[in-house]
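One chain is shown next in structure tokens, namely the form predicted on its own.
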Amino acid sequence: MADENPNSPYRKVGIVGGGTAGYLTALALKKQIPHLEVTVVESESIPVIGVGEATTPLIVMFLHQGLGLDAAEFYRVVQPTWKLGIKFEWGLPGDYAFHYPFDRNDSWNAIQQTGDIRNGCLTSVFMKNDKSHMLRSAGGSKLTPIHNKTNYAYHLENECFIGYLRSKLKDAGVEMRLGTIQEVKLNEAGTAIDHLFSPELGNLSFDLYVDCSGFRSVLLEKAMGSKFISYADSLYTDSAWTVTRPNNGQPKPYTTAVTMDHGWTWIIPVRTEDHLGYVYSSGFCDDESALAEMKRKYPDAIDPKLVKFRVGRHEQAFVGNVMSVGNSFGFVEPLESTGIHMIISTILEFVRNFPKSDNDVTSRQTINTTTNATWDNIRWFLGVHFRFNKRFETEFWKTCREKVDISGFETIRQLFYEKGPFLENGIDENPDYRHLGRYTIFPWNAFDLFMLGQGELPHEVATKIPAKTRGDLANKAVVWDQIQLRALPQNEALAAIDTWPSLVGSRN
């Protein structure tokens, strides 16, 4: 049983649940705190959700620098594709789209000087032309990856990615135990877990428990009673149909978000097929109607699967001797690909403030404060996407524009109208406003982009931007367009990496 001395240092960590959250947590703990004894307990009866997964640039740093996983091996085994950002078929009616590239985007000057918000940075120009970030030399004889000059993320086959992470556990010194947790036994005070019981494994006792059980939240919610706080007044979606369709081996270098009648569809391109998901609100559309709409839009899509979810977070991520990572703590709908990002972000916060013992109250408070505020910030930022999307006049979208709660971003929204755009007016570098972005995972110019991209403008903006800040973006856009002519489509660039793995070795 667990040591009852609250000053005893934590040595044994038990992670309940495998998958992305469980395996990444285990690998990070052993990498950063090697003396810990880390065990993953997972059930063979709980299937892996085999859909495409879109990520953010944080994953590249975390896998290859934080965990030290070899990039060449990762490309060979996992077969990722690149994600330079998100293409949004969103905001305004008609044949219109804007990009959210992972590099700093000068949205206002792109609109003013070129008439196209997608000309705000080189990465966005790559996206506009369906090109990767790998270039041919001027003479065409040499390939020059520019990984160190652009931010990018991965599109992943989830099942393949999880299998790769599982293969790394043994070498990292992580113990794997297969069994189903049937009972969670608390201490006499009901303030911490004493032990777990599994029919296959018997009693299991650890100093610290990490809940990676997904939506079931076996330890945090069911055992420790951490209250669930809903985000449903900001994010109306609660259902998704997932499908696949062929892409003829020509994956786009970005995720696409497509506005639908009652929500939106993601398109995640992997090597030979696209993974799609229609995310919708069951309050405005039944499941059968949603599937019918998706089939009309994408008649070549196959293998539909229905997923139900709730949006929100729990009151605390760390309760007693239980820490939660991933869906066991919180989930927001999939827009902006925050799922794996928040798994990694939470792991980094957990490792950075790892408590020494049960008596280490400050570490728990720091983790809880930061984790809660970061999730809440995502809630408000995603709410902006729904509040200002003017593309359709369906009941769902009209209700979003009238009622979606973005109250947590009200100060930032008002600041945009009064002093925006943020990038051109230097708000992102002004210390007076730094506190407003303390817990955000999105840069200031992302708020510029999503307001401008959806047709929202600051008040009297033209008279407020100093002439010197308007710069020569139009000239840059001409140069960027010449550069993209030497950029390879993603399928050709990935084929080159298959032949010359050293092309990605520099990002280890």
Ligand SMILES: Cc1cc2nc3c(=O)[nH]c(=O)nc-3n(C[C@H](O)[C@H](O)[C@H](O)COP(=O)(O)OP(=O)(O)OC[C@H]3O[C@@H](n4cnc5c(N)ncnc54)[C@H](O)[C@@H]3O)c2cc1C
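Please read these numbers as outputs of a predicted model, since none were measured by experiment. All residue numbers refer to positions in the sequence shown, first residue = 1.
Omitted from view is the form predicted in complex with the named molecule, to which the following refers.
Visitor: Report yes if all three of 21, 214 and 337 come within 4.5 Å of the named molecule in the model of the complex by some heavy atom, otherwise no.
Guide: Yes, each of 21, 214 and 337 comes within 4.5 Å of the named molecule in the model of the complex.
Visitor: Let me know the one among 169, 258, 311, 307 whose heavy atoms come within 4.5 Å of the named molecule in the model of the complex, would you?
Guide: The residue from 169, 258, 311, 307 that makes the contact is 307.
Visitor: Can you pick out, from 32, 440, 454, 43, the residue that has a heavy atom within 4.5 Å of the named molecule in the model of the complex?
Guide: Checking each option against the named molecule in the model of the complex, the one that comes within 4.5 Å is 43.
Visitor: Residue 458 near the named molecule in the model of the complex, any heavy atom under 4.5 Å?
Guide: Flag for residue 458 set to no.
Visitor: Find out whether any non-hydrogen atom of residue 181 is located within 4.5 angstroms of the named molecule in the model of the complex, and reply yes or no.
Guide: Residue 181: yes, in contact with the named molecule in the model of the complex.
Visitor: Report yes if any heavy atom of residue 237 sits within 4.5 Å of a heavy atom of the named molecule in the model of the complex; otherwise report no.
Guide: Residue 237 lies outside the contact set for the named molecule.
Visitor: Report yes if any heavy atom of residue 268 sits within 4.5 Å of a heavy atom of the named molecule in the model of the complex; otherwise report no.
Guide: Yes, residue 268 sits close enough to the named molecule in the model of the complex that at least one of its heavy atoms falls within 4.5 Å.
Visitor: Looking at 377-385, 292-300, 416-424, 260-268, which stretch has residues with any non-hydrogen atom within 4.5 Å of the named molecule in the model of the complex?
Guide: Heavy-atom contact with the partner occurs in 260-268.
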